[in-house]
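What follows is a single chain, given as C-alpha coordinates, in the form predicted alone.
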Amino acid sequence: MKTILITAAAILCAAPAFAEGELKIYHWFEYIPQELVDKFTAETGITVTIDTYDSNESMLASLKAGKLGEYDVAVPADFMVGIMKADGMLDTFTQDEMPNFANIAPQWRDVPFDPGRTSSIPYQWGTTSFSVNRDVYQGDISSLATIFNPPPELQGKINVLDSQNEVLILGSLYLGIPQCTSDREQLKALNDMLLNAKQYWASFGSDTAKDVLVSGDAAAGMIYNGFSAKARAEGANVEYVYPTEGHVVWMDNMVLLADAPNRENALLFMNFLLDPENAAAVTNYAAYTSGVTGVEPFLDEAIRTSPENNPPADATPGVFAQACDQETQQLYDAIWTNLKK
(Lines give C-alpha, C1' and ligand atoms only; values in the text may rest on other atoms or scores of the structure.)
Protein backbone atom coordinates (compact mmCIF):
# COMPACT_ATOMS: atom_id res chain seq x y z
CA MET A 1 0.00 0.00 0.00
CA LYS A 2 1.29 3.47 -0.82
CA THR A 3 0.36 6.67 0.99
CA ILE A 4 0.11 10.12 -0.58
CA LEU A 5 0.02 13.19 1.64
CA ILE A 6 -1.19 16.43 0.13
CA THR A 7 -0.88 19.60 2.22
CA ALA A 8 -2.13 23.11 1.55
CA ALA A 9 0.24 25.52 -0.12
CA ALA A 10 0.69 29.23 0.43
CA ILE A 11 -2.28 29.86 -1.87
CA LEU A 12 -4.50 28.71 0.96
CA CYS A 13 -4.15 32.08 2.58
CA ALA A 14 -6.24 33.60 -0.20
CA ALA A 15 -8.83 30.83 -0.46
CA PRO A 16 -12.21 31.48 1.15
CA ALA A 17 -14.37 29.42 3.48
CA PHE A 18 -11.85 26.91 4.78
CA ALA A 19 -13.24 23.78 6.35
CA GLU A 20 -9.76 22.81 7.55
CA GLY A 21 -8.98 19.49 9.21
CA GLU A 22 -8.30 16.18 7.51
CA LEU A 23 -9.77 13.78 4.99
CA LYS A 24 -8.68 10.14 4.75
CA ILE A 25 -9.44 8.33 1.50
CA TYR A 26 -9.15 4.63 0.67
CA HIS A 27 -8.85 4.52 -3.11
CA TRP A 28 -7.94 2.42 -6.13
CA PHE A 29 -4.39 2.85 -7.43
CA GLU A 30 -3.72 5.34 -10.26
CA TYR A 31 -7.30 6.57 -10.34
CA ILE A 32 -7.36 10.25 -9.37
CA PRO A 33 -5.16 13.12 -10.56
CA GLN A 34 -3.17 14.72 -7.79
CA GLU A 35 -3.89 18.12 -9.34
CA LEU A 36 -7.56 17.62 -8.53
CA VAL A 37 -6.81 16.73 -4.92
CA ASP A 38 -4.55 19.80 -4.73
CA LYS A 39 -7.45 21.89 -6.03
CA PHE A 40 -9.71 20.57 -3.28
CA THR A 41 -7.08 21.35 -0.66
CA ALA A 42 -6.58 24.85 -2.03
CA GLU A 43 -10.32 25.53 -1.95
CA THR A 44 -10.97 24.12 1.52
CA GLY A 45 -7.75 23.97 3.52
CA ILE A 46 -8.38 20.27 4.17
CA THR A 47 -5.33 18.02 4.29
CA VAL A 48 -5.93 14.83 2.28
CA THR A 49 -4.34 11.44 2.85
CA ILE A 50 -4.86 8.70 0.25
CA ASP A 51 -4.09 5.01 0.77
CA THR A 52 -4.50 2.67 -2.19
CA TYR A 53 -5.63 -0.89 -2.88
CA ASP A 54 -5.68 -3.08 -6.00
CA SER A 55 -8.96 -5.01 -5.75
CA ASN A 56 -12.40 -4.79 -4.21
CA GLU A 57 -11.66 -7.92 -2.23
CA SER A 58 -8.47 -6.56 -0.68
CA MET A 59 -10.23 -3.32 0.22
CA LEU A 60 -13.05 -5.18 1.97
CA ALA A 61 -10.66 -7.47 3.82
CA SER A 62 -8.57 -4.54 5.01
CA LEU A 63 -11.57 -2.62 6.30
CA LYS A 64 -12.92 -5.70 8.07
CA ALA A 65 -9.51 -6.34 9.61
CA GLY A 66 -9.70 -3.12 11.57
CA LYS A 67 -9.30 -0.18 9.21
CA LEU A 68 -12.99 0.76 9.19
CA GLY A 69 -13.07 3.87 11.31
CA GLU A 70 -9.68 5.02 10.01
CA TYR A 71 -10.97 6.21 6.62
CA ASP A 72 -13.73 8.61 5.63
CA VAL A 73 -14.49 7.42 2.10
CA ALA A 74 -13.64 4.51 -0.18
CA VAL A 75 -14.27 3.71 -3.85
CA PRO A 76 -15.84 0.23 -4.21
CA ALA A 77 -17.48 -1.22 -7.32
CA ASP A 78 -21.25 -1.58 -7.62
CA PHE A 79 -21.58 -5.11 -6.21
CA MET A 80 -19.22 -4.30 -3.34
CA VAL A 81 -21.32 -1.28 -2.32
CA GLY A 82 -24.22 -3.67 -1.77
CA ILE A 83 -22.07 -6.02 0.29
CA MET A 84 -20.70 -3.20 2.44
CA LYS A 85 -24.14 -1.71 2.92
CA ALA A 86 -25.57 -5.05 4.04
CA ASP A 87 -22.67 -5.46 6.48
CA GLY A 88 -23.32 -2.08 8.10
CA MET A 89 -20.06 -0.59 6.85
CA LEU A 90 -21.58 2.54 5.30
CA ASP A 91 -23.01 5.73 6.72
CA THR A 92 -25.90 7.58 5.07
CA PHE A 93 -26.42 11.17 3.99
CA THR A 94 -29.31 13.25 2.71
CA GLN A 95 -29.48 15.12 -0.57
CA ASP A 96 -29.64 18.35 1.42
CA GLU A 97 -26.10 17.61 2.65
CA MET A 98 -24.83 17.42 -0.96
CA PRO A 99 -25.81 20.45 -3.09
CA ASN A 100 -24.39 18.92 -6.28
CA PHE A 101 -26.46 15.73 -5.94
CA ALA A 102 -28.66 16.89 -8.84
CA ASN A 103 -25.64 16.60 -11.16
CA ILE A 104 -25.72 12.80 -10.94
CA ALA A 105 -26.81 11.40 -14.30
CA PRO A 106 -30.43 10.19 -14.11
CA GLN A 107 -29.59 6.53 -14.81
CA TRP A 108 -27.23 6.47 -11.82
CA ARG A 109 -29.41 8.23 -9.21
CA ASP A 110 -31.37 5.19 -8.10
CA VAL A 111 -29.38 1.98 -8.35
CA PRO A 112 -30.05 -1.51 -6.97
CA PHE A 113 -26.89 -1.60 -4.89
CA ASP A 114 -27.73 1.73 -3.18
CA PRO A 115 -31.39 2.66 -3.70
CA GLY A 116 -31.84 6.41 -3.78
CA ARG A 117 -28.10 6.99 -3.40
CA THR A 118 -28.09 7.40 0.36
CA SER A 119 -24.54 6.15 0.96
CA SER A 120 -22.69 6.61 -2.34
CA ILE A 121 -22.14 8.80 -5.38
CA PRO A 122 -21.05 7.61 -8.85
CA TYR A 123 -17.32 7.96 -9.46
CA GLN A 124 -16.46 6.42 -12.84
CA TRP A 125 -17.79 3.49 -14.82
CA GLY A 126 -16.23 1.29 -17.44
CA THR A 127 -15.64 -2.24 -18.64
CA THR A 128 -13.29 -5.15 -18.04
CA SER A 129 -12.18 -7.37 -20.88
CA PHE A 130 -8.77 -7.97 -22.48
CA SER A 131 -6.31 -6.33 -24.85
CA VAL A 132 -3.86 -7.82 -27.34
CA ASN A 133 -0.64 -6.42 -28.74
CA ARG A 134 -1.28 -6.46 -32.47
CA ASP A 135 2.46 -6.42 -33.23
CA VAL A 136 2.66 -9.85 -31.62
CA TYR A 137 -0.58 -11.41 -32.82
CA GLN A 138 -2.65 -10.40 -35.84
CA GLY A 139 -5.21 -13.24 -35.72
CA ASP A 140 -8.81 -13.37 -34.56
CA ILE A 141 -9.24 -11.96 -31.04
CA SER A 142 -13.03 -11.75 -30.94
CA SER A 143 -13.47 -14.46 -28.28
CA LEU A 144 -12.47 -14.87 -24.64
CA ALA A 145 -10.69 -17.97 -25.89
CA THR A 146 -7.84 -15.54 -26.59
CA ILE A 147 -7.21 -15.54 -22.83
CA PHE A 148 -8.52 -18.95 -21.76
CA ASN A 149 -7.36 -21.07 -24.70
CA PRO A 150 -4.84 -18.82 -26.42
CA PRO A 151 -3.08 -19.30 -29.76
CA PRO A 152 0.59 -20.36 -29.62
CA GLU A 153 1.79 -16.80 -30.28
CA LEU A 154 0.29 -15.62 -26.99
CA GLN A 155 0.91 -18.62 -24.76
CA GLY A 156 3.10 -17.71 -21.79
CA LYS A 157 2.67 -14.01 -22.56
CA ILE A 158 -0.66 -13.25 -20.85
CA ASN A 159 -1.30 -11.18 -17.74
CA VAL A 160 -4.49 -11.87 -15.79
CA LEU A 161 -6.07 -9.46 -13.34
CA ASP A 162 -5.47 -10.34 -9.70
CA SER A 163 -9.19 -9.87 -9.13
CA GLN A 164 -11.31 -12.85 -8.19
CA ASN A 165 -14.61 -11.31 -9.18
CA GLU A 166 -13.64 -10.28 -12.69
CA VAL A 167 -11.61 -13.36 -13.58
CA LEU A 168 -14.43 -15.70 -12.53
CA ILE A 169 -17.10 -13.65 -14.30
CA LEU A 170 -15.14 -13.63 -17.56
CA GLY A 171 -14.53 -17.36 -17.16
CA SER A 172 -18.25 -17.93 -16.62
CA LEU A 173 -19.10 -15.87 -19.70
CA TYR A 174 -16.64 -17.92 -21.73
CA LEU A 175 -18.32 -21.15 -20.62
CA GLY A 176 -21.84 -19.75 -20.89
CA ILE A 177 -22.76 -20.48 -17.28
CA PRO A 178 -24.46 -18.18 -14.71
CA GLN A 179 -22.38 -15.97 -12.43
CA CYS A 180 -23.72 -17.32 -9.15
CA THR A 181 -24.39 -20.92 -10.04
CA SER A 182 -24.43 -23.56 -7.32
CA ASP A 183 -24.49 -26.37 -9.89
CA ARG A 184 -21.52 -28.57 -9.02
CA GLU A 185 -20.92 -29.66 -12.62
CA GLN A 186 -20.81 -26.05 -13.81
CA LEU A 187 -18.49 -25.08 -10.99
CA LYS A 188 -16.22 -28.03 -11.76
CA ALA A 189 -16.13 -27.02 -15.41
CA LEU A 190 -15.15 -23.47 -14.42
CA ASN A 191 -12.48 -24.71 -12.04
CA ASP A 192 -11.02 -27.15 -14.60
CA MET A 193 -11.04 -24.57 -17.41
CA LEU A 194 -9.22 -21.99 -15.30
CA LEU A 195 -6.60 -24.45 -14.08
CA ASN A 196 -5.92 -25.53 -17.65
CA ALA A 197 -5.72 -21.91 -18.84
CA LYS A 198 -3.28 -20.99 -16.08
CA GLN A 199 -0.47 -22.84 -17.87
CA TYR A 200 -0.66 -20.20 -20.61
CA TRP A 201 -0.51 -17.21 -18.30
CA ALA A 202 2.67 -15.37 -17.33
CA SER A 203 1.40 -13.34 -14.38
CA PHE A 204 -1.40 -12.14 -12.16
CA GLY A 205 -1.48 -8.37 -11.74
CA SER A 206 -4.06 -5.61 -11.58
CA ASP A 207 -1.98 -2.52 -10.80
CA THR A 208 0.58 -3.65 -13.42
CA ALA A 209 -1.95 -4.58 -16.13
CA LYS A 210 -1.12 -1.51 -18.21
CA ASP A 211 2.60 -1.44 -17.56
CA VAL A 212 3.28 -5.02 -18.69
CA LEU A 213 1.58 -4.31 -22.02
CA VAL A 214 3.57 -1.11 -22.50
CA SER A 215 6.88 -2.77 -21.56
CA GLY A 216 6.22 -5.85 -23.68
CA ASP A 217 6.40 -8.20 -20.71
CA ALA A 218 2.92 -9.32 -21.73
CA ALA A 219 1.47 -9.56 -25.22
CA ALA A 220 -2.12 -9.84 -24.02
CA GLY A 221 -4.00 -9.46 -20.81
CA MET A 222 -7.21 -8.91 -18.95
CA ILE A 223 -7.53 -5.19 -18.40
CA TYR A 224 -9.83 -2.30 -17.57
CA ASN A 225 -10.79 -0.26 -20.62
CA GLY A 226 -9.22 2.91 -19.23
CA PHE A 227 -5.92 1.14 -18.59
CA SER A 228 -5.96 -0.15 -22.16
CA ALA A 229 -6.52 3.38 -23.46
CA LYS A 230 -3.59 4.56 -21.36
CA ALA A 231 -1.36 1.75 -22.70
CA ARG A 232 -2.28 2.74 -26.24
CA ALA A 233 -1.56 6.41 -25.46
CA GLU A 234 1.85 5.37 -24.13
CA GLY A 235 2.75 3.74 -27.45
CA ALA A 236 1.67 0.11 -27.11
CA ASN A 237 -0.06 -1.18 -30.26
CA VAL A 238 -2.87 -2.77 -28.26
CA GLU A 239 -6.47 -3.44 -29.23
CA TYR A 240 -9.15 -3.61 -26.57
CA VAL A 241 -11.74 -6.31 -27.26
CA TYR A 242 -15.48 -6.48 -26.67
CA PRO A 243 -15.69 -10.29 -26.94
CA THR A 244 -18.56 -12.20 -28.47
CA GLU A 245 -19.33 -13.90 -25.14
CA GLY A 246 -19.70 -10.57 -23.32
CA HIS A 247 -17.64 -8.51 -20.90
CA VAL A 248 -17.86 -7.03 -17.40
CA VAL A 249 -19.47 -3.64 -16.83
CA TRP A 250 -18.80 -1.90 -13.55
CA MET A 251 -19.44 1.36 -11.79
CA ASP A 252 -17.06 2.53 -9.11
CA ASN A 253 -18.66 4.66 -6.43
CA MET A 254 -17.41 6.83 -3.64
CA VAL A 255 -19.01 5.73 -0.37
CA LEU A 256 -19.30 7.42 2.99
CA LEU A 257 -17.86 4.94 5.46
CA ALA A 258 -19.42 4.17 8.81
CA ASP A 259 -17.64 5.85 11.73
CA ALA A 260 -15.86 8.22 9.36
CA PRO A 261 -13.59 10.37 11.55
CA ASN A 262 -14.08 13.40 9.29
CA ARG A 263 -17.66 13.03 8.07
CA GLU A 264 -18.28 16.67 7.11
CA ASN A 265 -15.04 16.86 5.13
CA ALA A 266 -15.96 13.61 3.39
CA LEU A 267 -19.26 15.12 2.27
CA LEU A 268 -17.46 18.23 1.03
CA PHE A 269 -15.17 16.07 -1.08
CA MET A 270 -17.99 13.94 -2.47
CA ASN A 271 -19.89 17.10 -3.39
CA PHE A 272 -16.70 18.48 -4.99
CA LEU A 273 -16.46 15.39 -7.21
CA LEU A 274 -20.03 15.91 -8.43
CA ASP A 275 -19.07 19.22 -10.02
CA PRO A 276 -18.91 18.53 -13.81
CA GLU A 277 -15.49 20.10 -14.30
CA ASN A 278 -14.02 18.07 -11.45
CA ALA A 279 -15.71 14.85 -12.59
CA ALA A 280 -14.30 15.45 -16.08
CA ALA A 281 -10.82 15.86 -14.62
CA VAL A 282 -11.06 12.32 -13.22
CA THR A 283 -12.30 11.01 -16.58
CA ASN A 284 -9.51 12.74 -18.50
CA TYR A 285 -6.98 11.19 -16.13
CA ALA A 286 -8.42 7.71 -15.75
CA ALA A 287 -9.89 7.35 -19.28
CA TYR A 288 -13.21 5.88 -18.15
CA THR A 289 -16.69 7.47 -18.17
CA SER A 290 -18.26 9.81 -15.63
CA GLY A 291 -21.61 9.34 -13.94
CA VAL A 292 -22.15 13.12 -13.82
CA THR A 293 -24.07 15.26 -16.28
CA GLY A 294 -22.47 18.29 -17.92
CA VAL A 295 -18.93 16.89 -18.21
CA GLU A 296 -18.76 16.89 -22.02
CA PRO A 297 -17.39 20.43 -22.49
CA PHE A 298 -14.48 19.57 -20.19
CA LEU A 299 -13.50 16.22 -21.75
CA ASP A 300 -10.37 15.73 -23.83
CA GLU A 301 -11.16 14.78 -27.44
CA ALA A 302 -9.01 11.66 -27.18
CA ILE A 303 -11.09 10.43 -24.24
CA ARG A 304 -14.43 11.32 -25.83
CA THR A 305 -13.64 9.39 -29.01
CA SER A 306 -11.51 6.51 -27.71
CA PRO A 307 -12.41 3.03 -29.03
CA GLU A 308 -12.20 1.71 -25.49
CA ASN A 309 -15.10 3.96 -24.46
CA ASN A 310 -17.10 3.48 -27.67
CA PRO A 311 -17.82 -0.22 -28.27
CA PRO A 312 -19.00 -1.38 -31.70
CA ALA A 313 -22.74 -1.09 -32.26
CA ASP A 314 -23.02 -4.87 -32.59
CA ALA A 315 -20.99 -5.67 -29.45
CA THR A 316 -22.42 -8.28 -27.10
CA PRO A 317 -23.81 -6.50 -24.03
CA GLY A 318 -21.76 -6.50 -20.87
CA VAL A 319 -22.88 -7.74 -17.47
CA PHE A 320 -22.65 -6.26 -14.00
CA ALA A 321 -21.29 -8.39 -11.20
CA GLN A 322 -23.82 -10.16 -9.03
CA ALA A 323 -23.45 -10.62 -5.29
CA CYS A 324 -23.79 -14.34 -4.55
CA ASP A 325 -25.32 -15.70 -1.37
CA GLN A 326 -22.79 -16.65 1.28
CA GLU A 327 -22.87 -20.41 0.64
CA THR A 328 -22.41 -19.99 -3.11
CA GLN A 329 -19.71 -17.37 -2.63
CA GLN A 330 -17.69 -19.85 -0.58
CA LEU A 331 -17.66 -22.18 -3.58
CA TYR A 332 -16.26 -19.42 -5.78
CA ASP A 333 -13.74 -18.49 -3.10
CA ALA A 334 -12.50 -22.09 -3.18
CA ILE A 335 -12.09 -21.97 -6.96
CA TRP A 336 -10.07 -18.77 -6.71
CA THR A 337 -7.91 -20.09 -3.88
CA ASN A 338 -7.21 -23.21 -5.92
CA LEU A 339 -6.31 -21.13 -8.97
CA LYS A 340 -3.87 -18.92 -7.03
CA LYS A 341 -1.95 -21.82 -5.46
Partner chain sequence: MKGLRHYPGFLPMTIGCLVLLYAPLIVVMVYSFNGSNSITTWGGFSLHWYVDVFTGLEAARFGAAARNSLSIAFLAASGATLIAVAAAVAMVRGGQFRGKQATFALINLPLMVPEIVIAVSTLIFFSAIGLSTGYLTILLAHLTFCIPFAYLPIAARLQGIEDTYEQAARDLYATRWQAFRLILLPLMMPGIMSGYLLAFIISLDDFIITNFVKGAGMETLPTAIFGSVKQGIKPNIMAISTLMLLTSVLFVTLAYLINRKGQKTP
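Positions refer to the first chain, counted from 1. Computed from a predicted model, the values in this text were never measured in an experiment.
Not on display, but discussed next: the form predicted together with the partner chain.
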Legend entry - Among the candidates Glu153, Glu239, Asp207, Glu264, the residue which, in the predicted bound form, approaches the partner chain to within 4.5 Å (heavy atoms): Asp207
Inset, instruction - Scan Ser215, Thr94, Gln107, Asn196 and let me know which has any heavy atom within 4.5 Å of the partner chain in the predicted bound form. - result: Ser215
Inset, instruction - Mind telling me which stretch in 293-301, 59-67, 39-47, 306-314 gets its heavy atoms within 4.5 Å of the partner chain in the predicted bound form? - result: 59-67
Inset, instruction - Report yes if any heavy atom of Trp125 sits within 4.5 Å of a heavy atom of the partner chain in the predicted bound form; otherwise report no. - result: no
Inset, instruction - Could you confirm whether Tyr71 comes within 4.5 Å of the partner chain in the predicted bound form, counting heavy atoms only? - result: yes
Inset, instruction - Answer with yes or no whether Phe272 is in contact with the partner chain in the predicted bound form, where contact means some heavy atom within 4.5 Å. - result: no
Inset, instruction - Give a yes or no for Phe130: in the predicted bound form, does one of its heavy atoms lie within 4.5 Å of a heavy atom belonging to the partner chain? - result: no
Inset, instruction - Indicate whether the candidate residues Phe113, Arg117 and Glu245 are all in contact with the partner chain in the predicted bound form, with contact defined as any heavy atom within 4.5 Å. - result: no
Inset, instruction - Scan 228-246 and note down the residues that get a heavy atom within 4.5 Å of the partner chain in the predicted bound form; none is a fine answer too. - result: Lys230, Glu234
